[in-house]
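Just one chain is shown here, as structure tokens, and it is the form predicted alone.
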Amino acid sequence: MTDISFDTEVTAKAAESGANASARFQERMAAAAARSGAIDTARVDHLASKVVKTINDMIVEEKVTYEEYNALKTWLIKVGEDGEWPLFLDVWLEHSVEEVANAHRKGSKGTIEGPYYLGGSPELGWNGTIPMRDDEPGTPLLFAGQTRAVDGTPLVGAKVELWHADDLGFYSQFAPGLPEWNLRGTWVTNEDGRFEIHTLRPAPYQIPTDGACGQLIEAAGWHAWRPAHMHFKVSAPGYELITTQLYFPGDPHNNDDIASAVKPELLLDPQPNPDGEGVRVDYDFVLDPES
């Protein structure tokens, strides 16, 4: 693979990343809208009215001033200009949507998707190595397991999509200087439903702070850290797709993740890899049947 300088990567700007995230999201939603058909106006009326009423009630209760209102209006405009609506919504609201959407599941726990998912990553068989640069920094990680149904049936040919940030906290296609599919791949389980993913252990990182979301974080006195994590989408015909993230014990931000996405069931148990350098993790994905 071609070496690419890390110097370019660290010049990534929130506005550039945000604009890319917004554009990719709009593409996906346009395709989804074409499939979904008519809009349920009664549901839109109910939800939109409730949001507006809740905000107005808060304004009256907290006696919000025009100075505060205009500061909010200015900030909301900047969120749009920076393309950070996907980041804002995915960091501060998506965890509640995910909780509602997955409350019925009996299989593996889900969590938020986040703003940096891309479909169509390279397919690597059942035990391939994720695309990476020749000098990609990080501890080698073998992630192995089985994909099966809630009744224990191995799911042959299931797809396990993985994407994660590099050692500097950046995602390919959302920061300059990174190869197109860096640290993104799709594995197809074998005849036993098993997979072995060869990748690197990701590092904790801060969400972009030089844009509108960073302004909110600074003004509120919050931190911007996400614990180290790996993103997954796991799917098989006839079963519900699961979107999740997996985390590493001992990370200082597992308990105060800015995105509120960590769950006890999503913590891994890395062990020294007996067959090579780095660490090994064993983790199974259990899928619910489609209703």
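All residue numbers are counted from 1 along the displayed sequence. If you're wondering where the values come from, they're calculated on a predicted model, not measured in any experiment.
What comes next is about the form predicted in complex with a small molecule, which is not displayed.
Residue 259 is the only one of 236, 242, 228, 259 with a heavy atom lying within 4.5 Å of the small molecule in the predicted bound form.
This chain is drawn without the small molecule; in the predicted bound form, the residue among 212, 91, 178, 130 with a heavy atom within 4.5 Å of it is 91. Residues of just one listed stretch (114 to 122, 134 to 142, 190 to 198, 147 to 155) have heavy atoms within 4.5 Å of the small molecule in the predicted bound form: 114 to 122. In the predicted bound form, none of the heavy atoms of residue 162 sits within 4.5 Å of a heavy atom of the small molecule.
In the predicted bound form, none of the heavy atoms of residue 174 sits within 4.5 Å of a heavy atom of the small molecule. By the criterion of a heavy atom within 4.5 Å, residue 87 is counted among the residues contacting the small molecule in the predicted bound form.
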